[in-house]
Structure formats: structure tokens, C-alpha cells
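So this first bit is one chain, no partners, the form predicted on its own, shown in C-alpha cells.
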């Protein structure tokens, strides 16, 4: 069986994701589509709207055949490490190809970008450092550096979020000597950060989440035309079961406690906290009444909102530099869900998998997965006491299977 891999978050699964899965299957000629999906906390440093189990179920009902989890150590990282963990898992699962959505829509500029940056790494790194020394964020500095090196009007635009991730996906495959082949399709209608719901059926996940939060989860009518019916049902069932959808504000009391009860040296030991920003974090936390107020006060030109949110995730989950330093590549494959085609594919590749396959957490108690368990426990703390226990119980159950 021929498999195509997708790197996803499905926060939540929407009509654009249905289109992505269908077009990826068509473009690569794949028999099945495998999604490697972030768990409770996401690449932009946010808690997922609903649990990974609910998002996996949405995906399986929306055209995905097999869903595995991207471990916390890669899911909450900058683009390079996020991509390396994701593409590695798809390679280990025997996927023939992977396909990502991009603003460009052509694979050749991504391959060119990888080759140019690799061949001129010293010049690229120097240009990035110069731009960052001028006070720019890393993404802006990298985009400036690439444009300066290639001097080509048709070059890949590395200021665009999906192009940034796509370049790292391609680099992960090419620089590690993987056999998995890259493809891309052009992102249609809504952009990655678009917050408006203007198109008839396609909107960004950002826009959908914004509309849901504005309605405080009381009604999903405003987003119904942008999400498949199973997604709406899944969101409604989650609200019925847990009485809340997740966002940063529900974790603010926990985060504020962690910040103010930690010494500056303890904060400095947290992953991604550098250059003395722990002083600013603690100072701004003292007077902020909400997470939004805290982030607005904390934001500087040098640090992107996303990077600051990732720092907050690592503070919340008590993830240290030392722990992350010991994580280079995924050490296991965690199965979240599958349909019959996915189960058939797993049966054919299982004996050749280079990593242990975890289908039930209670049967795999190793230190490698400690960060994932801790992240799941912290994620559950946003809910009421009784609901916390219910969500954590799900963590140890068997994966989802749909017919």
C-alpha cells in the first residue's frame, strides 16, 4: 500500500483540511493518508481547542486513515525541529511521500531554498545574525537573509507561514537522507493567520477559533459552513462532556502561579528562556489580570508572539533545557486512531518499524514518553476536577477506530 503523510494540528479539523487530504491523495497517488498530529499543546505555543482524541476522531471521519501523535518535544518547537520530528515519524512509518499546503504551491522553490541555504550556510547564518542583532525576530531575519543571498524575484517567500514550515519539511527530508518524497499544493481561500470568515466554505483554523471563542462556545452556527458535520458534532460533544473548550485564559492562574512561585534561576532553566527574559516575564506577570494582558505587556520586537507563547507552555509544563537537550529524534510512534484501511496498512509495515508502536499507554511505561504524559496532565488541569479525571483516563485507553 502506498501512503502519503500529512503534518497537521487540526485545531479544529475544517473544510480546508478535507480538501488538503483529498488533493494530497490525488497528487501522490496514495492508497492511504497518514496524519502526524500535535498533541495537547501546539507549535504556536497554544493549548489545542479540544483534546487530541476528539481531533483524531474528526480527522478519521474527514478522510484521514491513520493518525499518530507528534510528541511534545517536537510539537512545541520552532519550525526546524517541529518539521524534523514530523517528517522523521512519517519516514519511520514507511510513507512514500508527504504533502503540505503552501502559499507558493510549487515544490521546486522549496528544494532550491534548501539547496541554496545548505550550500551557502556560512553566508546565510551571518546574514541572519546581522538581522537579529538589528532587533528583528528570527523568522524575519531568515527571510531577509535568504532574499539577500538568492537575489531572485521569483524566490520562495519565507515571510509566509506555510512556506516557512514547508521549507523545513523539505529540508528535514533532504538533509537526513530520507526516502520520503515531498509534494505541495497551493493553499486556497483563507491565509494561515486570516481571522475573517469571508469565503463560502473555506476559512483558516485561526478564524474559526476566533469565532468560536467570541461566542464562548455557546453556538457553533457562525462556523458551521466552514467545518464538516463530524467536526461540529465533535465540538458539541466535547462541550457537553467537559463544559469548556480550551484556550490560554483558562490556564492563566496556573501559569501565573508557576511564574511567581519560581526563582529567576528556576525560570532561566526552562526551555527557550534566554537572554535574561525571565526578569521581564516575572515582572509582567505580577500586574497582569489575564493572559492577554500579560502577553501584550511582554511582547517585544525581538521575540515573536509565538515564541513567547512557547516559553509559556514550557513554564506551565515545567520543561527544562536539560530535558529538551536529550531529545534529538522521536523514540516511539504513538497511535491515536485509524480506520480499517489504516489498520491494514499498519499490519503490513508493523514488523519493519524502527521504533516501538504505542497503541495503549498503560502497556508502555518508559521515560521517553514522560513529557507527553506531563503535557496531557497539565492540559487536563484547565477543566473542572471531575472532568480532569475523565480526560486523563482517556489517555490510557486504546486508540480510536472508525469503520
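Note that this is a predicted model, so its numbers are computed, not measured. Positions refer to the first chain, counted from 1.
Beyond the structure shown, there is the form predicted in complex with a further copy of the same chain, which is absent from this document and is the topic of what follows.
Trainee: Please pick, from 30, 335, 48, 378, the one residue with any non-hydrogen atom lying within 4.5 angstroms of a further copy of the same chain in the predicted bound form.
Mentor: Selected option: 378.
Trainee: Ok, 326, 300, 261, 240: which has a heavy atom sitting within 4.5 Å of a further copy of the same chain in the predicted bound form?
Mentor: So the residue touching a further copy of the same chain in the predicted bound form, by this definition, is 261.
Trainee: Partner absent here, but in the predicted bound form, which of 252-260, 223-231, 100-108, 179-187 has residues with a heavy atom within 4.5 Å of a further copy of the same chain?
Mentor: Of the stretches listed, the one contacting the partner is 252-260.
Trainee: Is a further copy of the same chain in the predicted bound form close enough to 75, 91 and 160 that every residue in that trio has a heavy atom within 4.5 angstroms of it?
Mentor: Zero of three within 4.5 Å in the predicted bound form.
Trainee: How about residue 126: is it within 4.5 Å of a further copy of the same chain in the predicted bound form, going by heavy atoms?
Mentor: Result no; residue 126 lies far from a further copy of the same chain in the predicted bound form.
Trainee: How about residue 321 - does it come within 4.5 Å of a further copy of the same chain in the predicted bound form, if we only consider non-hydrogen atoms?
Mentor: Output for residue 321 is no: heavy atoms all beyond 4.5 Å of a further copy of the same chain.
Trainee: Could you confirm whether residue 215 comes within 4.5 Å of a further copy of the same chain in the predicted bound form, counting heavy atoms only?
Mentor: Residue-level check for residue 215: no, no contact with a further copy of the same chain.
Trainee: Indicate whether a further copy of the same chain has at least one heavy atom within 4.5 Å of a heavy atom of residue 288 in the predicted bound form.
Mentor: The answer is yes: residue 288 has a heavy atom within 4.5 Å of a further copy of the same chain.
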